[in-house]
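Next up: a single chain in structure tokens, the form predicted alone.
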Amino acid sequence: MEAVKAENVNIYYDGYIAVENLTFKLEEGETLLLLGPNGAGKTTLLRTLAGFHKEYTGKLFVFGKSPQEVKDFISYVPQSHTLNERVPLTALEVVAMGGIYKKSFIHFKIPNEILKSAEEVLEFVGLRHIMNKPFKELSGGQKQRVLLARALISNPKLLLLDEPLSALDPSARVEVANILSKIKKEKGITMIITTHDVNPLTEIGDKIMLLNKQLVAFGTPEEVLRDEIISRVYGPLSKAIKIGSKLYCIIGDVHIHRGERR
């Protein structure tokens, strides 16, 4: 089944075309890595798929329906969280918020079934041991994993992640990338992930989209990560180098590595 299908989609933002004439499709269970420079329209595309941004023309389907019709099947994790860290929420409470929001509860006390689900999903991301720790005291990598857990508690069919590895140190990037790999392998959720550094993510990427307001390339990593394609967006110094069975791409100061698929 097609998870996402776009046909001649134009997305508008403040009266300007943010993304022009976009056509692609993504099958259910696939992971798409979305690349492009700042201002390329990546975040606008994610927000449109999530049903938050409605200014577009053309045909756009998520599981065969409009994004607004399937919002309950979609979880979106923005690049910067909007939690007020002056509010003393624990990691468990932050995750539970995802379940409360999806069920539209108005509450003073979190229902026990949601707390149990929050514990289970924190276990999945390897953070059950810090569930009672204040969110504001967590490391950057731990916060990102808690936000992933909050997105997972509602059992989404589509997970939209905007720069989940940004502002993390190298070890935290590896931890978060490992959780994304676990989500793919054990839950089979369709994912679209924007990133400037695909190095930790290429092993889970079934497709790569190179976007610069228009679709530059779409296909498997081997099809897209090629000199003649990446240089269209990142300039003539961008290179793809294959050593043995592994493909290395250099885009400015960002190194992209594609290992052998298994």
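We number the residues from 1 along the sequence you see. These numbers were taken from a predicted model, which means no experiment stands behind them.
The following text describes the form predicted in complex with a small molecule, which does not appear among the structures shown.
S.K.: Residues in which of 66 to 74, 22 to 30, 224 to 232, 38 to 46 have heavy atoms within 4.5 Å of the small molecule in the model of the complex?
M.R.: Flagged stretch: 38 to 46.
S.K.: Report yes if any heavy atom of Ser139 sits within 4.5 Å of a heavy atom of the small molecule in the model of the complex; otherwise report no.
M.R.: No, no contact at 4.5 Å.
S.K.: With a 4.5 Å heavy atom cut-off, would you call Ser154 a contact of the small molecule in the model of the complex?
M.R.: Heavy-atom contact with the small molecule at 4.5 Å: absent for Ser154.
S.K.: In the model of the complex, does Ile251 have a heavy atom within 4.5 Å of the small molecule?
M.R.: No.
S.K.: Would Ala18 count as touching the small molecule in the model of the complex under a 4.5 Å heavy atom rule?
M.R.: Looking in the model of the complex, residue contacts with the small molecule include Ala18, since a heavy atom lies within 4.5 Å.
S.K.: Assess the spot marked by Tyr13, Glu163 and His196: is the small molecule within 4.5 Å of a heavy atom from every one of these residues in the model of the complex?
M.R.: The answer is yes; Tyr13, Glu163 and His196 each reach the small molecule.
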